[in-house]
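Here you get one chain, nothing else, as structure tokens; it is the form predicted alone.
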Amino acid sequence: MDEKTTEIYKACLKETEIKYGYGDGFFKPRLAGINHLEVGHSKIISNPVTILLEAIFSFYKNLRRRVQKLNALLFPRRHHIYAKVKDSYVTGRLMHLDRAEMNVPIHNAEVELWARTKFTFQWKKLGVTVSDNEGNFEIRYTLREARNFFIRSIQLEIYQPTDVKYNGDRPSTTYRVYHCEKINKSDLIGLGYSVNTIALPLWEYRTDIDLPRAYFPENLRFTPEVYVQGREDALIQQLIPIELTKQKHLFQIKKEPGMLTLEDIQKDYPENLTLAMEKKLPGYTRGDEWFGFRMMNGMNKASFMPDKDKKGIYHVKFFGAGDYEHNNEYAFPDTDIEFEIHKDKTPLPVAITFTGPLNALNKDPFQTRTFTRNDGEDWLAAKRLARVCGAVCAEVDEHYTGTHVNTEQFAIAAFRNFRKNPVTWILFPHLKEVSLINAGADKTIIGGYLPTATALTTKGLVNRCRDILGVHNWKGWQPMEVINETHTYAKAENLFWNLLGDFMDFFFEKYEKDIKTFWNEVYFFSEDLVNHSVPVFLSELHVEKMNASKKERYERLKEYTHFQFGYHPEHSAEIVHGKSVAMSSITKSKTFTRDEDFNNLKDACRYAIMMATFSHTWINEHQYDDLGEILYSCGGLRFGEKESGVIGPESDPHIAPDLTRSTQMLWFTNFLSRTEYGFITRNEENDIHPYFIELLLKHKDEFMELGVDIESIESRTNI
């Protein structure tokens, strides 16, 4: 960009910047009257019922908090143990209630024995212990205290760590009662009492899907985790206005579809970056310079692979529907964009080659068609199709699989196994809630929006996710290589990765002794990661049986995905159930024996936090920049009715998304981009290590020069 264009770009960024906070944000509901709710530029509702419901919800929130405080005040839990002579004991064993894996013990779980008095309902703690590696526990207590006349009931409580809190730089783990086992007071008559085996549905893996996903039972009592209250409240506040906008459009489409246009829908949502740029520089966002700039530094953050033969030429590749189950409405061909890149210049596209169907008439999956700058209007259409294919790949491969599901596999393994190890204090704040978000996405995104707005079906999406996860591994991962001076994304990614490395060095040095003391938790964490890892991408294919076209595509796909996701196949040496899996082992020992394993743990934690924070934030934050204008880029272009198919002008409504998909798309991108809770430096839950925040603040100006506001870097993959 020249100096003038850069100034305009920065001004547009500022105009369309998402403000996190409820003061005067665009999407804050504003009451303009007794029965009028206004959102953005759209006066969308005049319904006193809606306003009343919102008021009731606010009242409920306040009442709930007061009741919780009152209960804690009246019936405090004092952790003084009432025991003179510990002459009796309660024994038992804690096991996972896994459907696929039997006899998996729950280790290092805190187990407490509590009594409650008859008349005052006060709590008395009788004893406490921790389960061993086999899940066995024994609580010693004073029998007379338990059999006292004033004791009303006895219960055994199993605790699960849920969160972390910091008092200055001193961390502590917060727990919740995960399970209560009632014990009849009259049964405590002898030396010992056994509750036998207690099988708990604690962070189980799903068995209905070949992915490392958490099982969420219908019985909410045993849900592995819940949203923190602040996140839940913010979620509701954010959802109300954009949901009302979408519902208004869906109502209009149902009752009077002819009265609504794509332009009307676009105007009802806030202006995005491309629309703002078009106002000031008409046609610029459809030009080559903008195309290259956004491919390099936009939501896609594409991987530019050097051409083997031509210096200064790079390739960006988006692999389409291929063999995945797909519909016949949307185009999703393989896309190979050839770029010319010089030292201080924005990448410029030279040619775009599509492999696969571009219209509804010719369905040959291996047909190819190449477009260049000399193709006039077709070149504009080719760039549009490339943007759309790139957006789908960014959403499914980079965003959903690379951050959401990738992070979830670390979250399940961590919450299943870390209870006493200090690693809890750096992992839990960054891994919490991702499983909840993903469970919701199963219905709304993977089973809802995407199969109706893109070429891939739900089955195709799930299978693709499984495949792409097969090139994600903590071992050997490095941030993207900086290509030239305009590559601000790669610069920012490297800066954050290096900063994260400094934080890991600080933390692991400080808590080295305790990390090694509770090394058994690291072992079980590693075992869960490996044993539930997906197979290495494409390792299950019989290449020798493929025809020449498929084999050639397989080689291109393998080479580029390894490059794109920083995957090194030599590190995936683990075999599970006869299959080579993607995830590397951290340690093979239940007790600490090797310095290499210590460094492995440090690297694995660094990688997991990177994916959950910076990597996720970048895509999430830039969704609306690049997917906030329907005609510029969308989830899928329809084949339409002409022989030209998707190689047509933006003015052709038959290839653009329909009205329903258009408002759903803008709802979707707004909702994802406008996350307003859970940031590292804001530390809303006081769960982020202060040194991590200090490091970010120290590099604030450096990040800002690269277009990254550290205040907007999310602390976790929370939406």
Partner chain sequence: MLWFGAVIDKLVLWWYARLFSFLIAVFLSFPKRQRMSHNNGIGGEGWLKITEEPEFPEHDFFEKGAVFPVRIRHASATFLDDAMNCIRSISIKFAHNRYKSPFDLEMNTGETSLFWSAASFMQFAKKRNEKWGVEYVEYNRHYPEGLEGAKKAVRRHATSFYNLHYYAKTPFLFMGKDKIKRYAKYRIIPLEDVKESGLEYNISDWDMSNQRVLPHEKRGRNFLKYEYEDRIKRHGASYRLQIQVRTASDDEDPEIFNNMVPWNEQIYPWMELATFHIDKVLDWKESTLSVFSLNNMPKSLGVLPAKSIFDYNSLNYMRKHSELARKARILSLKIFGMVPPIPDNDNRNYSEWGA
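Everything numeric in this text was worked out from a predicted model, so none of it was measured. Residue numbers count along the first chain shown, from 1. Between two forms, the rigid core is defined as the largest C-alpha subset superposing within 1.5 Å.
The next section is about a form of this same protein that is not shown, the form predicted together with its partner chain.
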item	value
The single option of 257, 192, 447, 306 touching its partner chain in the predicted complex, heavy atom within 4.5 Å	192
Residue among 499, 156, 143, 619 with a heavy atom within 4.5 Å of its partner chain in the predicted complex	143
Partner-facing stretch of 274-282, 542-550, 103-111, 179-187, counted where any non-hydrogen atom is within 4.5 angstroms of its partner chain in the predicted complex	179-187
Exercise: residue 167 in contact with its partner chain in the predicted complex, heavy atom 4.5 Å	no
Partner proximity in the predicted complex: residue 588 to its partner chain, non-hydrogen atom cutoff 4.5 Å	no
Contact flag, residue 510 vs its partner chain in the predicted complex, heavy atom cut 4.5 Å	no
Residue 89 within 4.5 Å of its partner chain in the predicted complex, heavy atoms	yes
Core-aligned CA displacement of residue 190 at least 2 Å between the shown form and the other one	yes
Large Cα shift (2 Å or above) at residue 142 between the shown form and the other one, core-fitted	yes
